[in-house]
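One chain follows as structure tokens, the form predicted on its own.
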Amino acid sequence: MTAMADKRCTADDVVARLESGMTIGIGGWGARRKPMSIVRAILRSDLTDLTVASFGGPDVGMLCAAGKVTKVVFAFVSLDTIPLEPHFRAARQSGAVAAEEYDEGQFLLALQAAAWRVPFLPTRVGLGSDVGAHNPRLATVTSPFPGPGGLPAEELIAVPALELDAALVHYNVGDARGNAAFTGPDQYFDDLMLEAAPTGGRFVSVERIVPTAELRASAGCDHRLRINRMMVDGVVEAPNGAHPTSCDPDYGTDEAAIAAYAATAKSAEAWDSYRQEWLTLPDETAYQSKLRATREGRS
């Protein structure tokens, strides 16, 4: 019997498999369960000219502020308690990044189309709104079938597939083979992110890696086992790896850290000071050590 592949790697290993110019999907939702340990590794790297697709939070803002991004594909970019991510806002208003905007439902369908390997999916979402005026990639199509009762064929919005070169997500628990489960309230759309990316570009970080035999018990119930090994090329064990975003039920959002980060959008000097202090550390271990020391100093 052939042994199953051990897919464990580090965040820096993941970044070594990425290339400048890629379109990268980042999972999570706003300031919730973001793969921030991998984002920090990207910030330490020389990657640039990225297109980032996300239900965005500080992942998008930090990458924009660091000059890593030329385009953002998004439904929103928010810090939750701060409705509009300030670094993304600054980049968008200055024209530093291009934007491809979708309704939340359209963004979901764009990922689903890519996961199914179809060029688009039709929807009523967005009909009668101005979303098409801000996104020229959205088109309309006429249904090939008549409406009910002989009504005319319906005109629908065609949402194009959101094709990714790589996808990065964060879950609560996983095994060395790449199976993973969330244990909080929502899977978000992380499974679709992975399915929308090609083989070789699908990565999940987890709070803890457990033996496969213990994964179901760790998940709590089967419906939380949303990621299977066939969807994953690398798994990173990253305790507290979503910080400063939440990873319920393991920990909540670090609102003090979020507020301190958001305040750095006020000036280039403030951002540079924050970046030098927190984002140029040699690796994730150094980041977590500094975070612990800072917390101990506050207590």
Partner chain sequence: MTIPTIRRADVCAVALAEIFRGDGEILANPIGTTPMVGGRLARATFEPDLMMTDSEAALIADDVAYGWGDDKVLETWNPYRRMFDIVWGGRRHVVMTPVQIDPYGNMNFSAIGGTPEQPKVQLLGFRGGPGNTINHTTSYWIPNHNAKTFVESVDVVCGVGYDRAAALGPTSSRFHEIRRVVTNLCVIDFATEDRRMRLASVHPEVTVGEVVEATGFDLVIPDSVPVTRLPSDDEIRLLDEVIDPEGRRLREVPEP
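Residue numbers count along the first chain shown, from 1. Just so you know, these numbers come straight off a predicted model, no measurement behind them.
Keep in mind that the form predicted in complex with its partner chain is missing from the display, and what follows is about it.
So which of V73, A161, V97, L215 reaches within 4.5 angstroms of its partner chain in the predicted bound form, heavy atom to heavy atom? Only one option qualifies, and that one is V97.
Within 4.5 Å, heavy atoms only, which of G200, G128, P144, P119 is in contact with its partner chain in the predicted bound form? Exactly one listed residue reaches within 4.5 Å, namely G128.
Could you tell me which stretch in 232 to 240, 24 to 32, 265 to 273, 41 to 49 has residues with non-hydrogen atoms within 4.5 Å of its partner chain in the predicted bound form? Stretch with heavy atoms near the partner: 24 to 32.
With the partner left out here, check for me: in the predicted bound form, does some heavy atom of R137 sit within 4.5 Å of its partner chain? The answer is no: R137 has no heavy atom within 4.5 Å of its partner chain.
May I ask you to state whether D165 is within 4.5 Å of its partner chain in the predicted bound form, using heavy atom distances? Contact with its partner chain, no.
Just checking whether G105 would be counted as a contact of its partner chain in the predicted bound form - the rule being heavy atoms within 4.5 angstroms. Because a heavy atom of G105 falls inside 4.5 Å of its partner chain in the predicted bound form, the answer is yes.
Partner proximity in the predicted bound form: L151 to its partner chain, non-hydrogen atom cutoff 4.5 Å: Looking in the predicted bound form, residue contacts with its partner chain include L151, since a heavy atom lies within 4.5 Å.
Run the contact test on R89, R124 and F189 with a 4.5 Å heavy atom cut-off to its partner chain in the predicted bound form and return yes or no. Yes.
Taking its partner chain in the predicted bound form, which residues along 211 to 236 bring a heavy atom to within 4.5 Å of it? If the 4.5 Å heavy-atom criterion is applied to its partner chain in the predicted bound form, 211 to 236 yields only R226.
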